[in-house]
Structure formats: structure tokens, C-alpha cells
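Two versions of one and the same chain are coming, encoded as C-alpha cells; call them structure 1 and structure 2.
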Structure 1
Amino acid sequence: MKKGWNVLIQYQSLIWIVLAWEVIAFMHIMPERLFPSLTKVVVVAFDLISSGMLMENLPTTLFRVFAGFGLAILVGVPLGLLMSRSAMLNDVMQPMFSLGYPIPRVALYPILVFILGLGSASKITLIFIECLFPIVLNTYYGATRVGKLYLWAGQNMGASSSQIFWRILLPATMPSIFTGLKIALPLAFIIAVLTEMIGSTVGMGYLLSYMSASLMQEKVLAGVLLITLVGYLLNLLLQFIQRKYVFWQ
């Protein structure tokens, strides 16, 4: 009983928000069509799931997120590590990343559409570019901060350079790599939804813009709710993987 009360206190802010929402909806301060009650939104969300609308659109969005995010990991992590080891590679790449960092990469999307079309290719490419920055930069800074003592100790004990890489450099950089991934994953999700809203015939972003164009406000809110849920679950998954494989942190 006491424990339940504590949880209630801990999450009180959320409860207040939900209550305020329900009261505003109940009192019709705003037109019901524009401001549906949360319970109604949840019901509609279940409708979206059971009607198959979600199953038609969510897999496409998730595919784009995973493809872009996965590619960014495959390229970004080795690139960041190599940049920390090779001064020449760092000289070539570092200016590009420093120059490109403050530039809003989404602006490139229309050009990508021109080159790759409105399908998944242009969206995955943009997600890839956007995710590459935090992953490379975090990996690079993480790797440069690995204590030189560890590397020297490894060398002194006769470890080969591949052993040093796999046994010392990579594990020691892991926490920073995960920091980068944690920043990149929501970005991937945002870019996927955004690009689908601008131009697509399938996907969660398309579903949202379609429903809002048809003025189905409670469905839009339900869609946002579901996207939030999926984003939250993906984040949990990432945390789970981190705890499992970077257990020493």
C-alpha cells in the first residue's frame, strides 16, 4: 500500500496532465472534434491497431528507421575508431564533420528525392546521414579518451594491433558508442516520420498527414500515441542491449 502510494507520488505530474486533459475535454472548453478526451484517443488507438492500418504502415517506417540507423552504425563506429587511430584519416574527415555538424541536414531531403525518388531509398539515406554525425563524433571522442596507459600496457605485453583493437580499444569505447546510439535512435525515428509526412504513400508519417488532412483529430492523436509507444520501446531495447553487453559500466 505504502509502495503504491510512493509510485503515485513519483508519477504525479503525469497523472495531473492526464486529469487536466480529461477535464478540459469533458468541459468542452475546446470543440470536441479538436480536443478529444484521452480515453477516446486510447480507444481509437486500439481501433487503429485492430483495423490493420497500423500493420500496413508501421513496418515500412520501422524498416526505414532500422535500415538507416543500422547503416549509420556499420559505417560510423568503424570510422570513428579509425579516425582516433589514424591522424591522416582524422585530418581528412574531422573538418567535414565539424563543418557539417551545425548544418541542418534535412534541408538536403528535396535533393535526395530528386536523385533517389520518393521511395525508401531517399529516406533511408537521409536517416543514415543524420545518424552518422552523433555516432561518429561520440565514437571518436570516446576512443581518443581511452587511457593511453591501457594501450601501452597492451603493447608492452605483446598484443598485436588487432588484439589491441578488439580487446582494449573497442570495449573501452563502448559506453561512448552507446551514448551516440542513444542520440541517434530518436533522430532516426523523427526523420522517418518527417520525410513520410512530406512525401510518401505509406508509413506512419503518411498515415498522420492523411488523417489530419481528413480532419480526424482523434486518429492523429492516436497515431502520435502509438509512435511514442514504439519509440519508447525501441529506446528500452537499446538500454537492454547496453546493459547486457556493456555490463561493466
Structure 2
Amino acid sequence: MKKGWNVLIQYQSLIWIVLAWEVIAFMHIMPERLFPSLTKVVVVAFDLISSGMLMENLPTTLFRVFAGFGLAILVGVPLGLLMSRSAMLNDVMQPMFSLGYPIPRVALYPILVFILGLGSASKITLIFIECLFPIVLNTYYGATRVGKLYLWAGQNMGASSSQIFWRILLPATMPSIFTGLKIALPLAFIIAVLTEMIGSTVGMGYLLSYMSASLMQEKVLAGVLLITLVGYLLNLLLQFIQRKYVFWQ
């Protein structure tokens, strides 16, 4: 009973949003064609799942998200760690990240399309660039905040550079790395959907764009609802991995 009450308290903001949505739809404050009830949107969402439209498009979007996000992890985490250990590399890279962070990187998409085409390559590259910034910067600042006392203690106990890295520096930086991943993952999803809306013949962004152009607003909202649900589940998966493997934070 207490656990159920705690869940209600935790998600009360969502409950209020649902209630407000239903009240607005019931009172016809907005035209039903533009703002259908949430119940109707949920029914349409199940129709999208049962008709196969979701499974025709979601795997392509997930592939692009995981490819770009995974490449950003492979490059961003080692780069952030190296920047924290090498003053010269930090001097070279830090201005690029400081100046590049505020740039709306989606503006680079036409250039990437010109170079790589309208297929997955240009979308994955833009997702990679977008995710790289939070991953590198969170890794870098997490590594620089590792207590010098731990590093000195390791050196005094005769630990090699490799042992200090794997036993002290990397584990102490892992919470910050996961913070960067949790910021980057939703960005990957947003960029994937956005670029698919601009130019694609498959994917969740294309599906949203097609339904919006066909004035099927309840299907657009159902698609948004499904994208939100998938993004939320991916975030839960990331949190589960963090709790299981970074339990010392």
C-alpha cells in the first residue's frame, strides 16, 4: 500500500497532465481534430502497433540511434579521459568543444546530406556529433574531479599507471560518464526523429511526417506517445545498467 502511494507521489505530475489533457478534450476547448482525447490517442497507438506500422519504422530509428550513440561512446569516453590526463591535448581540444557546444549542430545536416547522402550515414554522423559533446565534457570534468589523494595513495602503494587508470581513475569517473550518457541518449533520439522528418522514407520521423501531412493528428500524437515510451524505456535500461555496474557511486 505504501509502495503504491509512493509511486503515485513520484508520478503525480504525469497524472495531473493526463487529467488536464482529458478535461481539455472533454470540454472541447480545442477542436477535437487537433486535440483528441488521450484515450483515443492510446487506442490509435495500439492500432499502430497491431497494424505493423510501428515495427516497419522503429527498428530503423533504433539502429540509427544506437549506431550514432555507440560511436560517440567509443570516441567520447577515451577522448574525455585523455584530455583530463594530457594538458597538451586538453589545450588543443577544449576550445573546439567550448566554441562548438552552443552551435545548433542540426544546421550541419544539409552539409552531411551533400557529402553522405540522404541514407543512414548522414543521420548517424549527426547523432554522433550531437552525442559527442555531453559525453566528452562529462567524462573530462568527472576525471579531473577524481581526488588526488586516491591517485597519490595508488602511486605510493606501487600501482602502475595501468592499474591506477583501471582501478582508480576509470571507476571514479564512471558516475560522470553515465551522466553524460543519460544526457546524450535523448539527444540521439531527438536528432534521429528530426532528420528522418526532414529527409527519409523510413523511420519514426518519416512516419510522423507522413501522418502529419495527411492531417491524421490522432496518429501523430500516438506516434509521439510511442516515441516517448521507447525513449523512457531506453533511459530506464541505462539507469538499470548504471545501478548494476556502477553501484559504488
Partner chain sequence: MDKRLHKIALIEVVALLVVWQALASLQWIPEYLSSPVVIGKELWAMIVSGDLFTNAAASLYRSIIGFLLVALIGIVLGIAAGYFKPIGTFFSPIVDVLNPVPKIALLPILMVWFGISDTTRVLLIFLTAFFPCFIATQDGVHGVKQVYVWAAQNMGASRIQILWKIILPASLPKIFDGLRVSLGLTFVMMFSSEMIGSSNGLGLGFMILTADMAGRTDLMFVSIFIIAVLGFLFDRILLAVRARLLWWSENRG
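Please read these numbers as outputs of a predicted model, since none were measured by experiment. For numbering, take structure 1's sequence and count from 1. Think of the rigid core as the biggest set of C-alphas that the two forms share within 1.5 Å after superposition.
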I need to confirm something. Of structure 1 and structure 2, which is the form predicted together with the partner chain? 1
Post core alignment: Q239 C-alpha displaced by 2 Å or more between structures 1 and 2: no
Quick check: T228 between structures 1 and 2 - does its CA shift reach 2 Å or more after fitting the rigid core? no
So, superposing on the core, is the move of A213 at the CA at least 2 angstroms between structures 1 and 2? no
What does the CA of Y11 shift by between structures 1 and 2 after fitting on the core? Give it in Å to one decimal. 4.3
